[in-house]
Every structure is written in C-alpha cells, then in structure tokens.
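First, one chain by itself: the form predicted on its own, in structure tokens.
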C-alpha cells in the first residue's frame, strides 16, 4: 500500500474514533514535524512545544483533510508552517532586540531528534566535526528571513517538490524558486563569512 493510501486510511480510522490510528499518525509524522519546527525555531525546547501544538491542531482539524486536494504530508506541512508563522509573529519583538550576530539559541548543543539517534559507524572525530557543521548551518539558517528560511528548509532539508512547497506557502511556484535561490545564496554568504572568521 502506498504512503498516500496508508495516510488516508489512518485519517478515516482516526476520524471514526480509532485511538490506535491517531497513535500511528503521531509515530509516522512526529520526526518530520519536529525537524521542521527545530530548523525554523532553532531551539529543541521550542521545537518540542511547537510539535505538540501542531499535533493538537491536526487532531482538531483532521476531519477537514480532503485526500482529493493533496497529499497528507502537504496538509500536515501547511498546518506546521501556519503555526510557525504565528509563533514567529508572537516572538518577533524578542528577536528584534537580539543582535544579528548573537547566539542562535541558549541551547547551542541542542540537536534535532534525528541527530540524537546513535550512529555507531562514524568515528567520534567525524561525528564531532559533523555536529559542528550542523550547528554552524543551524545558526546561519536562523539568520535568514522567515520567507527564505522556510523555503530552503522545505526544499533542501525535507526534499519537498516545488509544487508542494508552493501549496504550503500559498505562493506561486516561481516565487518558491526565487526564495530558494535567494535563501541558498544568503546561506552560502553567511557560511562563508563564518568560516572566514574561524580561519
């Protein structure tokens, strides 16, 4: 059974009151939603809170999902994006007082759930270097404008296609491509500046 069919079946079961189906939905989508929230918020604590809020909103609006209008993951990503935009607006004043070059998070060692799963293959040096690179990229991501950041995250970190991103962001596909290109260029500039400072 394809992923879209599985998602549609789980949604139908959940709307009918099947608690096990809801648990399966949470298990299937928790990691992806958490990663989107973490990449956008830059804080493990905020990402966990936002992920819970996404699932609460999903549960309350699950009966509005229409399989004919698009993939379940696109619907879920739209809910996540809308919640992140609301979160961004609420916390905008706090960020306006922070320095652009300030630390991205009080929990600089915080890692997304996907990076906390132990991997025995790489050496400790390789793992430490990879973690450092991930932290540098995460700090640079938080310095992008929200429009550019969300486009880059959805395309490059979550491998969504342009059409689905356009649906989630409610903008034309050309705007999505433009934001991704500008976001990548700005991210490269920020990373280049960071590495020049380290050298």
Partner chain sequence: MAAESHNDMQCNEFDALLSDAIDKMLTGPKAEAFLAHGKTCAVCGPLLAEAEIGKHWLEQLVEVEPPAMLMHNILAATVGIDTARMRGAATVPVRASWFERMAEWGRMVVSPVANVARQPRFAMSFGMAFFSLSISLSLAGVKLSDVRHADLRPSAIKRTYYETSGRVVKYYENIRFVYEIESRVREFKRATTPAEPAPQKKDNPKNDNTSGQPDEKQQRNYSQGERQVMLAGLSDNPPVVEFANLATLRRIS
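Numbering follows the first chain given and starts at 1. On a predicted model such as this, the values are computed, not experimentally measured, just so you know.
Keep in mind the form predicted in complex with the partner chain is missing from the figure; the text below concerns it.
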Selected contact from 169, 62, 26, 67, since only one has a non-hydrogen atom within 4.5 angstroms of the partner chain in the predicted complex: 26
The partner chain in the predicted complex reached by all of 48, 56 and 184, non-hydrogen atom within 4.5 Å: yes
Proximity of residue 177 to the partner chain in the predicted complex, heavy atoms at 4.5 Å: yes
Residue 165, heavy atom within 4.5 angstroms of the partner chain in the predicted complex: no
Residue 191, heavy atom within 4.5 angstroms of the partner chain in the predicted complex: yes
Non-hydrogen atom contact residue 41 with the partner chain in the predicted complex at 4.5 angstroms: no
Sequence-ordered residues of 139 to 157 touching the partner chain in the predicted complex, heavy atom within 4.5 Å: 141, 152, 155, 156, 157
